[in-house]
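A lone chain, given as structure tokens: the form predicted on its own.
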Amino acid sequence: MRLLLTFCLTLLLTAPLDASAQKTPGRQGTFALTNARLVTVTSDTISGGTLVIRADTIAALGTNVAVPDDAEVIDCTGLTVYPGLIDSGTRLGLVEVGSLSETRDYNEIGDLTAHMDALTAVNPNSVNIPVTRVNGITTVLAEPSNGLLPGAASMIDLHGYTPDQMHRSFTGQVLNFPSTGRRGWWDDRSPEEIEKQAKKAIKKLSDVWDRAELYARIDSAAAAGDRRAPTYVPSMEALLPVVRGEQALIIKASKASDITKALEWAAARGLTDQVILSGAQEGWRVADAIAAAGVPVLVGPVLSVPTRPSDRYDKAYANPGLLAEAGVQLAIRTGGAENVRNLPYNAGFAAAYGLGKAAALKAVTIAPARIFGIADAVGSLEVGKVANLFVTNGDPFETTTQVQHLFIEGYKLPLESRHTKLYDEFLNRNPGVTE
């Protein structure tokens, strides 16, 4: 019996794995996408063009581009090439199953955890990542949540075996701005109580920032040799780059009153030039003030309901268009994890309800790239940029469109996910279903 068990275990360990359980690895090389419609985003669309990828870079594009001898040619007749889509606010890679606390790693205990870095918690093997990228999304902002200062958000590409391999250079501190108004229909606090609690919450934030500024002054004095270094406080150390103007501060605020207070607070602290507003679901109510402050906005989710019962049903859809009309620089976010794949449809609704198709495409490509300071690498089809792009058989904002090819950092990735595997399995059930 013992020998039989040993034999079975040996056979199990040495047998080839089921092919359906394997992940087909991506591969780099030289690729030529020929006869394609190239939507560059930052310049005119090119019809019948060729785009050459060499290693991780777009090496050439245009109508008179010679195909390298060593290139793998992909005929894109009838297909369109777009730059990879960018989601400007997600929990992708930080949570696997929302109902299981063991798989959630975006919510630290306490109000002040600025030293937490979302990048270190990203799971490169998340099932949600391939589900997301088969819709043309190549890059997302992974952000922590909850608490006053929950930590740093990081931009990641959706391919890699370690978080560091995935990191797309941008990191910014997140600030959940205190609520200054009624929290919802269930909130039965009196106006006086709401005002009292709002003042208390903002004072708490200001006290924390006073400490951060003092910590920075002591640290600078110590560096100059004028005094001892401050006692190490991880959260204060993490805020140093923001206090010194070296790092962005992503302020999450959605209600109009919160946005107004956040802009006032940032101006009083001299932080306006570093601030990026996130959420802004009532941004349309204070669009002129946001535009006057010159603060970019990561708006969304667009596929949402109005924040007030008295608002029109389509205010969430129209919000990006109204912000853009006021002159606000914006990008679109889903704020999701498993549904980040719906980013193109968030942009599609924004396009249909006032933003326009071209502006909506920019809001998920070059606009976020510019806001996050990574436009020299991604966000458009340009020679020298990183080859983050996808090929479709139609408009990416349409649900019927299929992505045909996908490249991230030049890696041609398989268009497979848990969804496609389940589709294939149940399409060919054996045994099938009998009446």
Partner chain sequence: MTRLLLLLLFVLAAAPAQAQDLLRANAPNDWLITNATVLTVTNGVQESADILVQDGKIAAVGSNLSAPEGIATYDASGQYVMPGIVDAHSHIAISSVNEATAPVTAQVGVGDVLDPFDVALYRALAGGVTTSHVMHGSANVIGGQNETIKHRYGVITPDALRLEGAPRTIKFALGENPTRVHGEGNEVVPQTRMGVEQVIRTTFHKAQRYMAAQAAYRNGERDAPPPHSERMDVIADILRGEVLVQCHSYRADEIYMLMEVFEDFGVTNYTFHHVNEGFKVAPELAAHNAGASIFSDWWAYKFEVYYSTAYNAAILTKNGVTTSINSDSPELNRHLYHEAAKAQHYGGLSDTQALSLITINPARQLGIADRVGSIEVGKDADLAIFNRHPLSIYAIAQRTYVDGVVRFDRQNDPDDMRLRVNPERPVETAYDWSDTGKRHGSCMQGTGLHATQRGLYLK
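Think of the rigid core as the biggest set of C-alphas that the two forms share within 1.5 Å after superposition. Fair warning: this is a prediction, and the values are worked out from it, not measured in the lab. Positions refer to the first chain, counted from 1.
Separately, the form predicted together with its partner chain exists; it is not shown, and the next lines address it.
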statement: From 214, 268, 222, 127: within 4.5 Å of its partner chain in the predicted complex by heavy atoms is 127
- request: Just give me the single entry in 322, 238, 74, 131 that has a non-hydrogen atom within 4.5 angstroms of its partner chain in the predicted complex.
  value: 131
message: Even though the partner isn't displayed, in the predicted complex is residue 164 close enough to its partner chain, meaning a heavy atom within 4.5 Å?
response: no
- request: Indicate whether its partner chain has at least one heavy atom within 4.5 Å of a heavy atom of residue 151 in the predicted complex.
  value: no
4.5 Å heavy atom contact, residue 348 to its partner chain in the predicted complex: yes
- prompt: Can residue 201 be called a contact residue for its partner chain in the predicted complex at 4.5 Å between heavy atoms?
  reply: no
- request: Could you tell me if all three of 96, 301 and 317 have a heavy atom no more than 4.5 Å from its partner chain in the predicted complex?
  value: yes
- line: Only one of 112-120, 304-312, 225-233, 156-164 has residues with a heavy atom within 4.5 Å of its partner chain in the predicted complex, and that stretch is 304-312
statement: Within 181-203, the residues having any heavy atom within 4.5 Å of its partner chain in the predicted complex are 181, 182, 183, 184, 185, 186, 188, 189, 191
message: Once the core is aligned, does residue 190 move its Cα by at least 2 Å between this form and the one not shown?
response: yes
